[in-house]
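Here we start with a single chain on its own, the form predicted alone, put down as structure tokens.
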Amino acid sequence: MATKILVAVKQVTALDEDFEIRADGRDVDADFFLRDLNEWDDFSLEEAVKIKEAGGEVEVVVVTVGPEEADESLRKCLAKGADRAIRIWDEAMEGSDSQAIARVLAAAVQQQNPDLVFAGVQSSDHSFASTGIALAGLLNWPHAAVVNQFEFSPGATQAVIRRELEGGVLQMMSIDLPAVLSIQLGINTPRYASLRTIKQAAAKPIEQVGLSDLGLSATDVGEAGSASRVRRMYIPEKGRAEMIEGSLAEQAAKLAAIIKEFKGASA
């Protein structure tokens, strides 16, 4: 029996050294964004492709929620071994938080009917670490987070995983399928795409899906469908550092004076 793995990916943004806040004060001006595939999602994709290459009938589908520029990250996924790519977008999705994004992904999962959904533990830009968990909750599927080892045979109804817990503790467990897994860094070594596969990926179609295709409306996404919103974004004031020189006794006396001054100022 064929196995389908859906990998949720995100094109994240990083900032150049110099940047400006948008006029409305709620984000950085998009002209200063540097865009790339989320690092955690690269590991998720690699794990799915490894399963496909190990044998059996496996289809790897990558899906993202984002505007047209996100196609670049999807083509990177196709070049690394994904079979299909889906981009979901509508202008009404602008301003969606992780909960609204999870709602969109849940509708896509219900259409695609995969056996497994992989998502990165978090994204490198917002770091909410909540999309995978929210997605599993909306689907009412089993979920495991911070997965750093995965054992699965295509067609099986269970998988064996190892996940990281607090304090350096590791947990081995079985999970029933279908399930949502949040993949941790280090589970594998992501491959580099070859020039040949990059050229092949450039010729592959990217499926474009809108809200109506998923049975959703504008009230399900954007600020209307979100549980949180950005009120303000700003650059914090920078502190200052002072090198304390002199002998150990002089340094200790100076440090004591600084602490005394600080305690007096905060009293």
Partner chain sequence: MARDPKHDILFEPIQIGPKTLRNRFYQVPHCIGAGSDRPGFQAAHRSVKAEGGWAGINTEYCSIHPESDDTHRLSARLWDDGDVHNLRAMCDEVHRYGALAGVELWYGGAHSPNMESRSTPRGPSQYASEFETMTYCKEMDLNDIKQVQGYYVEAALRARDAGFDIVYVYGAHSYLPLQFLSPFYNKRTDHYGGSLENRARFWLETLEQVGRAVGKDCAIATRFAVDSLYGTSGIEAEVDGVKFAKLADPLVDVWDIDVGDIAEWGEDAGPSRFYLQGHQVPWTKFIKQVVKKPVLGVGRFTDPEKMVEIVTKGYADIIGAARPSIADPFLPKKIEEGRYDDIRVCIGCNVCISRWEIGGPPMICTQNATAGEEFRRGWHPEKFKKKGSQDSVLVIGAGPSGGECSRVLMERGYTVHLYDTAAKIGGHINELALLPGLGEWGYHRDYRETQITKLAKKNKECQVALGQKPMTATDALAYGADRIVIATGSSWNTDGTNCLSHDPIPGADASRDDQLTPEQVILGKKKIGKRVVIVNADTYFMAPSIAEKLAAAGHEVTLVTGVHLANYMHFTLEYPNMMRRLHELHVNVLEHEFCSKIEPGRMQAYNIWGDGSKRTYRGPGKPPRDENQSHHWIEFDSLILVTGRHSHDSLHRELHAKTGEWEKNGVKAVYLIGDAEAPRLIADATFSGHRLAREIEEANPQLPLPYKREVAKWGVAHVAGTSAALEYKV
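By rigid core we mean the largest C-alpha set that fits within 1.5 Å across both forms. Note that the coordinates shown come from a computational prediction; the quantities given were computed from them, not determined experimentally. Positions refer to the first chain, counted from 1.
Beyond what is shown, the protein has a form predicted together with its partner chain; the following relates to that form.
Taking 4.5 angstroms as the heavy atom distance cut-off, pick the stretch from 223-231, 22-30, 196-204, 46-54 that is near its partner chain in the model of the complex. Looking at the other structure, the answer is 196-204.
Would you check, heavy atoms only and a 4.5 Å threshold, whether E94 touches its partner chain in the model of the complex? Because no heavy atom of E94 falls inside 4.5 Å of its partner chain in the model of the complex, the answer is no.
Taking 4.5 angstroms as the cut-off for heavy atoms, does E72 touch its partner chain in the model of the complex? Yes - in the model of the complex, heavy atoms of E72 and its partner chain come within 4.5 Å of each other.
Given a core-based superposition, decide whether the C-alpha of D18 shifts by 2 Å or more between the shown form and the other one. Stays below the 2 Å threshold, so no.
Answer yes if the CA of A241 moves 2 Å or more between the shown form and the other one after aligning the rigid core, and no otherwise. Yes: A241 shifts by at least 2 Å between the shown form and the other one.
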